[in-house]
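There is one chain below, alone, in structure tokens, taken in the form predicted on its own.
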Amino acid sequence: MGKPVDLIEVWRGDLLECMHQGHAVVCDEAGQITHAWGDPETVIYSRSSCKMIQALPLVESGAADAYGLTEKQLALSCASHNGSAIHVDAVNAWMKDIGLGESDFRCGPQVPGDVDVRDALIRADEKPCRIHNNCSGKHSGFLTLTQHLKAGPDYTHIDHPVQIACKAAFEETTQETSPTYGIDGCSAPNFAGTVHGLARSMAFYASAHTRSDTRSKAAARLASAMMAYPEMVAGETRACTNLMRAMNGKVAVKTGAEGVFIAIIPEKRIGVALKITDGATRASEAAIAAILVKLGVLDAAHPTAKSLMAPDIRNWDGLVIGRINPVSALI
């Protein structure tokens, strides 16, 4: 990994207690870097931040239209959701429509992030299932594409037609050959690439509405769906949902594990990718908010921007004992 730079400070009183470092890139529609922090050529796993790339074959293959998928379902195919009722019900309905069920998923069971759903399962003495997995929307897309291709059931295998298509979409939109892959938390392959490549792919999505080829139209539909249904992409209280609402549905954002975050900005035809090297979510959320403010698409005075970019640190008694803020280079 290339040399990272300081991005997010954590203060306790008058002492700088912690510094989160990382890499970030802003790309224009030509794939050229307009802003960069750290090393743009650092190779990372994009983790769940690339779900709109993994959903691209679902749309461009014709599978989405063949099965009559709605815009809300396309947003769900790009989601890392809370496992709230709106997510679980939508996945169950989707599976019923295509004649499949929970046992067809290859993602593992996961305790839902939604506290009410989690507590209801506990009270009912029920265990969470694969539908509760935060990636079940993405896997619903995988299963739909699998049906459309008439492929075998093991759609997470690296040599399965679904994953071959996902790899092609990743490499062609990042304009890089992926050097390796890892297995994500949901058992699907996650392909490695540079921070620059990920930003280049997001710029492809951001400018897709200006083109009429099949892939661009598919990318534009996915970005539009995310912006139209931010609650399906993550859920209440989540940074992705709150940021998209704060920007009035004009920007798509998506987090990934281990400190990754992306943004798709159609009005400016630019894409953003960042990676916090220590994997801290508090830092990736602060950094993406700061970059969005810097790019003029997020109001620094908006409550969501303030809560993510420069939150107070409070102790258990509610006292403000510190603060988190971006370094001056991000502002």
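Residue numbers run from 1 along the displayed sequence. Small disclaimer: the values here were computed from a predicted structure and weren't measured.
This protein has a second form, the form predicted together with another copy of the chain, left out of what is shown; the following refers to that one.
Here the marked residues 169, 230 and 299 all miss another copy of the chain in the model of the complex; none has a heavy atom within 4.5 angstroms. Note on contacts: among 41, 267, 28, 278, the single residue with a heavy atom within 4.5 Å of another copy of the chain in the model of the complex is 278. When another copy of the chain is considered in the model of the complex, only one residue from 158, 100, 151, 192 comes within 4.5 Å through any heavy atom, namely 192. At least one heavy atom of residue 106 is located within 4.5 Å of another copy of the chain in the model of the complex. Proximity of residue 196 to another copy of the chain in the model of the complex: non-hydrogen atoms within 4.5 Å are absent; the residue sits far from the partner. The closest non-hydrogen atom of residue 45 lies within 4.5 Å of another copy of the chain in the model of the complex. Though the partner is left out of this view, residue 249 does not reach within 4.5 Å of another copy of the chain in the model of the complex, counting heavy atoms only. Judged by heavy atoms within 4.5 Å of another copy of the chain in the model of the complex, the contact stretch among the candidates 80-88, 184-192, 203-211, 240-248 is 184-192. Looking at 300-328, the residues that come within 4.5 Å of another copy of the chain in the model of the complex, counting any heavy atom, are 315, 316, 317, 319, 321.
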